[in-house]
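Shown next as structure tokens: one chain only, the form predicted on its own.
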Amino acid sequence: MLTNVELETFSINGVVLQKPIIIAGPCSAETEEQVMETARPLADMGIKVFRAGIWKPRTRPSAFEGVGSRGLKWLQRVKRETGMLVATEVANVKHVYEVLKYGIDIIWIGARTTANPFAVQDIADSLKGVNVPVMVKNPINPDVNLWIGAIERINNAGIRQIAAIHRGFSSYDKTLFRNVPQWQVPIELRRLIPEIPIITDPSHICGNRELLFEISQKAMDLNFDGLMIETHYNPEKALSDANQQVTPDGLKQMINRLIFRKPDVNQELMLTLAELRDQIDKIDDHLINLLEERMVVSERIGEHKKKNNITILQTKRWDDMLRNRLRFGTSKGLSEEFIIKLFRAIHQESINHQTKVMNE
């Protein structure tokens, strides 16, 4: 149904994108000079997709809300002079018509728009008969069904190149992050739609460039398909979200530090992991008193994954595990809702322990 990236590469408008896909560019297109001064070094380092916000949905009307359609000409110039694909956000039908008129290669739907099914349906209707890749950011609240609903609306319009963008979720609580990552939500999306590419947006998760590497590495550890990172040639003078943007050189240094892990395992390792997972299955049957032992076993798995340089997340294993626990738990008189919530929390804690082992 959706774009399948199991083959490590695919093409958009003649440009071959290799996993992991790196999408970079400023939060907002501010001036033609700023756009070009950011785009040129990104192209030189091999970035294939340039992003820039043209219309900015700001919380307060006094904030910088983007330069509007005139900025699309600057993206045309980026495309013409660097050969990069260009991408921007659309929030309504007018935006769609404008980006199509200017030949924008990729569009994305922002978190606030994803949360509104009426707005997404209007955008989907305007895309019927058009061959343009669409990326759908998660809604601002952690509702995987609302996210899937937006993806389905775009798919029903005939769009076949669709990706999901994980940009974190709003929270009233004071946290380290601008938007709490809640990794279990995109993991659940991957379980329900295994074929959809997932791009993590660490800039909006962190809100702070100092945290970008940590979130980017975790996305790679989970075998997500790429990163969208806000990049500005002079972040301190950015008109929006200055604290979360990096320079092109800073982006290059961060990418060079990332460890890219293999998603597949060989037969010998499969036997090793199967033995450990059998222990986990037994521990899960006696969950309440054995959680500490389960986390110890999870750390051992992390050591083997680290040694063999493979990703933490194995989607099929997680899907099978949840189905088995539901069957066993409901036979013991426990509600399906309780089992799902309990084992999602256990899975997240296991990932946390493995992440610590993998990145020590």
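Given the structure is predicted, the values throughout are model-derived calculations rather than measurements. In this text, residue numbers run from 1 along the sequence as written.
Omitted from view is the form predicted in complex with ligand PEP, to which the following refers.
Ligand PEP is not shown here, but in the predicted bound form it comes within 4.5 Å of a heavy atom of residue 108. Contact annotation for residue 56: at least one heavy atom lies within 4.5 Å of ligand PEP in the predicted bound form. By the criterion of a heavy atom within 4.5 Å, residue 312 is excluded from the residues contacting ligand PEP in the predicted bound form. Ligand PEP is not drawn, but in the predicted bound form it has a heavy atom within 4.5 Å of residue 89. Between the options 191, 77, 112, 277, the residue in contact with ligand PEP in the predicted bound form by a heavy atom within 4.5 angstroms is 112. Contact with ligand PEP in the predicted bound form, defined as a heavy atom within 4.5 Å, holds for exactly one of 252, 153, 204, 209, namely 204. Looking at ligand PEP in the predicted bound form, residues 221, 261 and 353 place no heavy atom within 4.5 Å of it.
Shown alone, this chain has one stretch from 56 to 64, 299 to 307, 32 to 40, 319 to 327 that lies within 4.5 Å of ligand PEP in the predicted bound form by heavy atoms: 56 to 64. Contacts between stretch 25 to 49 and ligand PEP, counted in the predicted bound form as any heavy atom lying within 4.5 Å, involve 27 alone.
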